[in-house]
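The chain below stands alone, shown as structure tokens; this is the form predicted on its own.
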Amino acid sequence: MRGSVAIVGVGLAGCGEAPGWSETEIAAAAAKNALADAQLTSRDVDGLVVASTNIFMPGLSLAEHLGIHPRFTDSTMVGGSSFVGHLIPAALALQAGLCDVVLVAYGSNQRTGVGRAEAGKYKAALDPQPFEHPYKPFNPPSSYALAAARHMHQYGTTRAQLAEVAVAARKWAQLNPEAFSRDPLTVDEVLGSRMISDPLTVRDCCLVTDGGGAFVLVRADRAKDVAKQPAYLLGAGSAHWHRQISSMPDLTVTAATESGMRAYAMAGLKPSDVDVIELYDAFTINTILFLEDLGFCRKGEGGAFVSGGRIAPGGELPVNTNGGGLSCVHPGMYGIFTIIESVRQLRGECGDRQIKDVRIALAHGNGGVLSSQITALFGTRETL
């Protein structure tokens, strides 16, 4: 699969607040922007991949809205990691000749449309989790708080180190005019903000926004003819070990240990080869866990590793350069935005936040409560 397909178009829509827009309309707007970026139209699309927590049969709905008659459709749903995972079946479908142009799209109006209380009731009805709900957890924060508390207990990680993750994300967001939260943020302000689920404060938790994203995937031979730099898929891997946090084998070790290993093996790369990292940072503990599990530091050293501005602008390891889910955008599921920022960095399109000479980018998706982990590596033409 290495280098056999490439992303040739990316697009965003409605990020932040999009009052009056439905989820399908936001996804469609992002799709049109991605197609325009690839210099294609909906008439060119014969493969469609989409996931949603609220739209019934989302593939059918989006195809109808865009006037697409796809030969290949996939609506696999494994939470926020879904869109990183969609790379694998999309690439296989392209390789098999089942289709020629695959559109992957997502849209959500979680901030202005669904409402937090209504969304919580919907999720509880859809996924009762009978072994946990009697204890009335405030999920998803309570589940991630368990992982954070265990990491603190086991390895001495501090709340201040968690706060460093949020501060680094905000500093990247301040360089991104598309980011939703760009006000200055300090470690003390993170620590002093409202507690949501001990030890996580509101600033340790991701945003609640509207927004949509999309990307266009084609075979490598077709990617040679596009005007912009294609982002070639070099490797991808997925893994999941549990659904509920109470079934997680070890609260400090995620299945990213497996997904990352598989992606590196396919790409023929190692962590030191990666120039920019885009992680699913729904909570500050995520960034620490994934940096450990993906091999950028040893297990238990993540807290110290992110300290001192190492992952912030000007630091030695650029992480979540758009501001991430903590400061840029988080419309229910964030995974697709890790891919879009990876592509933009590889193209050199990120303005003040652009990392110099990016050749390899890593995008990592997280679904459920540290459940589904999916890793992808992208490269420029020079990496093939």
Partner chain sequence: MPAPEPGPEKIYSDKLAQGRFEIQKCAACGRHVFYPRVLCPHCGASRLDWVTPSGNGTVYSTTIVRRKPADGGDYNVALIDLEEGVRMMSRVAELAPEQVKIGQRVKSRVAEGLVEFVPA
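Everything quoted here is computed from the prediction, not taken from an experiment. Residue numbers count along the first chain shown, from 1.
Here the subject shifts to the form predicted in complex with its partner chain, a form of this protein not shown in this document.
Undergrad: Out of the stretches listed (205-213, 130-138, 298-306, 228-236), which one is close to its partner chain in the predicted complex, meaning heavy atoms within 4.5 Å?
TA: Only one stretch qualifies here: 130-138.
Undergrad: With the partner left out here, check for me: in the predicted complex, does some heavy atom of S246 sit within 4.5 Å of its partner chain?
TA: Yes, contact at 4.5 Å.
Undergrad: Would R262 show up as a contact with its partner chain in the predicted complex if we use heavy atoms at 4.5 Å?
TA: Although its partner chain is absent here, R262 would stay clear of it in the predicted complex, with no heavy atoms inside 4.5 Å.
Undergrad: Please tell me whether any heavy atom belonging to D250 falls inside 4.5 Å of a heavy atom of its partner chain, as the geometry stands in the predicted complex.
TA: The answer is yes: D250 has a heavy atom within 4.5 Å of its partner chain.
Undergrad: Can you tell me if S197 lies within 4.5 angstroms of its partner chain in the predicted complex, counting non-hydrogen atoms only?
TA: Judged by the heavy-atom cut-off of 4.5 Å, S197 is in contact with its partner chain in the predicted complex.
Undergrad: To verify the annotation, which of these, A91, L146, A223, L175, has a non-hydrogen atom within 4.5 Å of its partner chain in the predicted complex?
TA: Spelling it out, the residue with a heavy atom inside the cut-off is L146.
Undergrad: Looking at S181, Q110, T73, S142, which has any heavy atom no more than 4.5 Å from its partner chain in the predicted complex?
TA: Contact check passes for S142.
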